[in-house]
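Next up: a single chain in structure tokens, the form predicted alone.
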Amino acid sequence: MIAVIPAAGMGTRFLPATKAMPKEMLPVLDKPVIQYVVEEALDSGVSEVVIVNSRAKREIEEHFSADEALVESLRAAGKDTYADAVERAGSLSVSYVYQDEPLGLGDAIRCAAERAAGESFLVLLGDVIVTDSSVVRRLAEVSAEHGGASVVAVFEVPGDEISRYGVIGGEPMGDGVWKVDRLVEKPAKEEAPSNLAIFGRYLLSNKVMELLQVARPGAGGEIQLTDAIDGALTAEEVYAVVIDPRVGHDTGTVAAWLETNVRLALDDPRYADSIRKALGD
């Protein structure tokens, strides 16, 4: 199974910072956002991590490339900790496909169709950092329990925020699992089938990829992944797993990115004391 990480977006919410640097390369503590997502995918045991990139974002590929000269220079200066960090980033196994036009998340995912090779695949959105592979592994467990069905991670959101997300409808089955009967992309509050929004982690069947190949634009004039998953319901079952949103750290807006840096810094012994002092705790 492969993991697909979309990374071709423009990052307009972070302008002008993202004028010369991809949003995915914004640092959270001492690593760029996308490295956390790649590490999560690799720790889950996938066979390949495929980044859907823009040809203009060469910085992402440079980050995951080996830099022996820099490593040697750091080691010569006695900076082995930094050398180890650079060496690790360059050793992470990733490959790339390209989205040439910003036609939506569904379009980005279908760019990886050949890599998926007719099998189930993971999608990990880069706006949310999960610092371990617990969510992905839970999706895999539920999928296996239901014959390889598609499974999405969801979390509860307030009604006034529901229009920002893809939302599921369905019936609870116990143990945090729902059988999904419909998915709606960015519904109005009064039209939302539930308060459960997609979290940004998916395990999807090949049927979803097949539907993306023939998909037409939906909400916002874009190819919507949610629409393809909803379409798959006519042929197969889809499930959802309700997760605690605290396992994820949002980086999709400036305020959320700042909060994520603070939250993770407070959990990191390297930075916790300094942050608490700065915050007056």
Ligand code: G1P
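Position 1 is the first residue in the sequence shown; the rest follow in order. These figures come from a predicted structure and were not determined experimentally.
Beyond the structure shown, there is the form predicted in complex with the ligand, which is absent from this document and is the topic of what follows.
Checking 31 to 39, 222 to 230, 238 to 246, 57 to 65 against the ligand in the model of the complex, the stretch whose residues place heavy atoms within 4.5 Å of it is 222 to 230. The listed set A116, V94, I198, V135 contains one residue whose heavy atoms approach the ligand in the model of the complex to within 4.5 Å, identified as I198.
The partner is absent here, but in the model of the complex a heavy atom of L105, alone among L139, A149, L105, V130, sits within 4.5 Å of the ligand. The closest heavy atom approach of A89 to the ligand in the model of the complex falls outside 4.5 Å.
By the criterion of a heavy atom within 4.5 Å, W178 is excluded from the residues contacting the ligand in the model of the complex. The ligand is not drawn, but in the model of the complex it has no heavy atom within 4.5 Å of L74. With a 4.5 Å cutoff on heavy atoms, K79 does not count as touching the ligand in the model of the complex; it lies far away. Along 180 to 198, these residues reach a heavy atom to within 4.5 Å of the ligand in the model of the complex: E185, K186, I198.
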